[in-house]
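Next up is one chain by itself, shown in structure tokens, the form predicted on its own.
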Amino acid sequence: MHDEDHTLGNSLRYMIMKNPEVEFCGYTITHPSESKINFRIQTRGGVPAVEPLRSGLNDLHDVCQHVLNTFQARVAEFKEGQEQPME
């Protein structure tokens, strides 16, 4: 993966490791001055590594979307509370 660092690498590794078909998942940053990540995914039962990678990306996207939606809802609630006159 290009133009990424530990922020995505560690989060994605965690999501991939939650898959019961994954035996090992790790990543390396090629060099501190480069923004490239290499993943190594080892699966059980001959499952292609791209399947848990895709699943992990989708799961991570869902988690991020939930966090964003929750944050936006709480900000809206806060702003509504600020607009009401205090008694």
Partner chain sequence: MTVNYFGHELDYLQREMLLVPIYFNNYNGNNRMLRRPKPTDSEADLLREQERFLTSGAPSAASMVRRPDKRRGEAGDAEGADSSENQKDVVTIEDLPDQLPSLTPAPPKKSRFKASHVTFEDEDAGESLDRHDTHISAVLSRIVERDTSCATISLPVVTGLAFPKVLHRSETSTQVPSSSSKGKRSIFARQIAAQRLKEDKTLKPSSSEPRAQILRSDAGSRLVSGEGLQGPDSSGETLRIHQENQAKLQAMSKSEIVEEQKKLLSQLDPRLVEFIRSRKSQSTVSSGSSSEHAAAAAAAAAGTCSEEGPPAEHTESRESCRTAAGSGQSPPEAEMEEETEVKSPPFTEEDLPVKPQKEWIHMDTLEPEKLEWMRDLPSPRKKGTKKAMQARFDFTGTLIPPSEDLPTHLGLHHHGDEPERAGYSLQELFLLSRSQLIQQRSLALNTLACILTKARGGVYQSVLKGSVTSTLLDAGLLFLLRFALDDSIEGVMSAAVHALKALLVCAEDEECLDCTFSWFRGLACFPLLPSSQEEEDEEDEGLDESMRETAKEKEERKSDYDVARQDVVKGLLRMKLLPRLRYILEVVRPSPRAVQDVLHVLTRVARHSSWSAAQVLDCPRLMETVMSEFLPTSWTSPSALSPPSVYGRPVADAMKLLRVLATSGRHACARLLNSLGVRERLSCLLSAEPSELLMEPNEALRIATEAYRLWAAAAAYGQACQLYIDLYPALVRTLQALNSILSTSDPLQLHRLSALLSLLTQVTHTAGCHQELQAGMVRAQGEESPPPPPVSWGHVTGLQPLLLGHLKGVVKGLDNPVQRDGILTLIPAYLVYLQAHYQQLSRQTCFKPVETLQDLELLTSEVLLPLLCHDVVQNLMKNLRSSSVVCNLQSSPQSPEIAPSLPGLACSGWRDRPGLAAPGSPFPLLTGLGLVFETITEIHKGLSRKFSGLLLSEPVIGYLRSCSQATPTLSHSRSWLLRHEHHFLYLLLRLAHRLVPVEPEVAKHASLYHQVALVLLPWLLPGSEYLAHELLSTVIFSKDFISEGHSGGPEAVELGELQLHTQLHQTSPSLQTVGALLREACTQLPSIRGCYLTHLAHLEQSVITSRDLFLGRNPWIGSHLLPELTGPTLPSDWPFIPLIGLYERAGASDGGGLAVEELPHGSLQAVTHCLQWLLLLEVWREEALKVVLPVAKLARLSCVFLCSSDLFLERPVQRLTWGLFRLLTRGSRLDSLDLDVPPPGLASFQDLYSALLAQYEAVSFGDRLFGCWVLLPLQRRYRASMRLAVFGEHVGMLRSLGVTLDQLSVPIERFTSPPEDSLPLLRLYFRALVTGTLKLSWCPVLYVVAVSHINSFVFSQDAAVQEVEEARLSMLRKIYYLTDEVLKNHLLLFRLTQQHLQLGFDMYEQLPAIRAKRLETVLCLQDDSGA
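Note that the structure is a prediction, hence the values are computed from the model and not measured. Positions refer to the first chain, counted from 1.
There is another form of the same protein, the form predicted in complex with the partner chain; it is not shown, and what comes next is about it.
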property: In the predicted complex, Ser35 touching the partner chain (heavy atom, 4.5 Å); result: no
property: Distance check, His61 to the partner chain in the predicted complex, heavy atom within 4.5 Å; result: no
property: Contact label in the predicted complex: Arg40 to the partner chain, heavy atom within 4.5 Å; result: yes
property: Proximity of Glu23 to the partner chain in the predicted complex, heavy atoms at 4.5 Å; result: yes
property: Non-hydrogen atom within 4.5 angstroms of the partner chain in the predicted complex for each of Arg54, His66 and Gln72; result: no
property: Residues of stretch 27 to 49 in contact with the partner chain in the predicted complex (4.5 Å, non-hydrogen atom); result: Tyr27, Thr28, Thr30, His31, Asn38, Arg40, Ile41, Gln42, Arg44
